[in-house]
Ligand code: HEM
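Next up: a single chain in structure tokens, the form predicted on its own.
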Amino acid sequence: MRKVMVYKRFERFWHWSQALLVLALAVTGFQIRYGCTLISFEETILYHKILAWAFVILIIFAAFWHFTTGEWRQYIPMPKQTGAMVRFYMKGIFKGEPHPVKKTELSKLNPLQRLAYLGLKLLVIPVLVTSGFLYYYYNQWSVIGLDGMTLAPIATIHTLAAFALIAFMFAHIYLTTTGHTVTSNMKAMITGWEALEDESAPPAPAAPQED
């Protein structure tokens, strides 16, 4: 194994900032949806709006960073290896089998992670943000020609997208515990450094066969 700088400084900043914003948006959003208990309703709406704008600004910076650094390539699907990853997560991981797709500096995400993150970035988050702003600026719908629409379906779509994002976060937290050790993936996202298999090292000798 060798230590490699896998996650760059901005990548770590973006990751943890996004996590905190999503959690704060979830708390304030569900208070608005299901009844405010911590602070006043007006304050909750104000904080949710501020957090939403901060989230959008972070998305813009992250998108710029991905395209200028070429990191967008991390999300290109790998269909030929997807089946192997499904089998690994269903059976192999519980038997201690080796990971079917090696993690490298240039390929940080396995095939299923690529599909999950791609769906999150191209579907869940755009739907969440768009429905959220439509929800908030309901009184200005006439300006963009949406007079005939009602608020209920927009609110439902926004809530479902929020639940999908929260479900992804729970799955993400669980999968961080499946690295070399329970905390290795978490430490890597804090420090940037991760122990990866050294591809230049000679293969380990095969164990002798018993008669």
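Keep in mind that this is a model prediction, so the values were computed, not measured. A residue's number is simply how far along the shown sequence it sits, counting from 1.
Although not depicted, the form predicted together with protoporphyrin IX containing FE is the subject of the following passage.
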State the residue from 136, 117, 72, 89 whose non-hydrogen atoms include one within 4.5 Å of protoporphyrin IX containing FE in the predicted complex.
-> 136
Could you check which residue among 109, 129, 78, 85 gets a heavy atom within 4.5 Å of protoporphyrin IX containing FE in the predicted complex?
-> 129
Which of 164-172, 181-189, 62-70, 141-149 sits within 4.5 Å of protoporphyrin IX containing FE in the predicted complex, heavy atom basis = 164-172
Protoporphyrin IX containing FE contact at residue 159 in the predicted complex, heavy atom, 4.5 Å | yes
Taking heavy atoms and a 4.5 Å cut-off, does residue 30 contact protoporphyrin IX containing FE in the predicted complex?
-> yes
Using heavy atoms and a 4.5 Å limit, would one call residue 36 a contact residue for protoporphyrin IX containing FE in the predicted complex?
-> no
State yes or no: in the predicted complex, is some non-hydrogen atom of residue 47 no more than 4.5 angstroms from a non-hydrogen atom of protoporphyrin IX containing FE?
-> no
